[in-house]
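To begin, one chain is listed below as structure tokens, in the form predicted alone.
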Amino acid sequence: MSTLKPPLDRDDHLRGPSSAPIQLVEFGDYECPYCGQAHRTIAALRAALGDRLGFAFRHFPLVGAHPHAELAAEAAEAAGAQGKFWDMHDLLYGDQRALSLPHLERHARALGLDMQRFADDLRSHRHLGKIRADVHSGAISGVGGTPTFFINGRRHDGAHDFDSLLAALTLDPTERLQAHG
């Protein structure tokens, strides 16, 4: 069973309390259709579990298959530098066909971002190091594709539909350890 390396820290984007008893980490790609489906599932899980669930997102753009994924990740980080990571994250998954630079700029304007700063961040690839660190984290954690989930630091190898993830998330921790050896 693969474990999350490095474990969650303050550099991760986290929705929900950092002290939540259940921590779910997704390695995702903004252009991946399966990640788009997972985005809706995560929203439903967050609604169902409330403060019992902390959700973190790490970038894993599959640049060979998804030519806009890395730029979209950079846009999310540039928005995050202005306190709007999750807002941009939701917009990117809201229309995965709108990931070209003009679309990303439109999203940034809609969020009220400082457009000069946003453009400078994208042009200079200011946040590419963070994205590459996430990809490295995924690689050493055993991520081979997207989406890949980790529950409380252990890779979830099952299905990622609502019912399957809910069952895995709410399994008693001692049962989870016994189930995965």
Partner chain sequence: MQRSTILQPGVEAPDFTLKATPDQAVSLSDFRGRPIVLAFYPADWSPVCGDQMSVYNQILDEFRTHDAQLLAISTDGVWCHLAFARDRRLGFPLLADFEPKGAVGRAYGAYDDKEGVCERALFVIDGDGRIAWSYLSPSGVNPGADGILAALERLRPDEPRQTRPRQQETHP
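Keep in mind that this is a model prediction, so the values were computed, not measured. Residue numbers count along the first chain shown, from 1.
From this point on, the text means the form predicted in complex with the partner chain, which you will not see here.
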| property | result |
| --- | --- |
| Proximity of D157 to the partner chain in the model of the complex, heavy atoms at 4.5 Å | yes |
| Partner contact for G145 in the model of the complex: the partner chain, 4.5 angstroms, heavy atom | yes |
| Close approach of L53 to the partner chain in the model of the complex, 4.5 Å, heavy atom | no |
| is_contact(F60, the partner chain) in the model of the complex, heavy atom dist at most 4.5 Å | yes |
| Residues D9, D12 and A139 all lining the partner chain in the model of the complex, heavy atom within 4.5 Å | yes |
| Contact assignment for the partner chain in the model of the complex, among A119, I151, L45, V135, heavy atom within 4.5 Å | V135 |
| Within 4.5 Å of the partner chain in the model of the complex: residues from 71 to 95 (heavy atom criterion) | none |
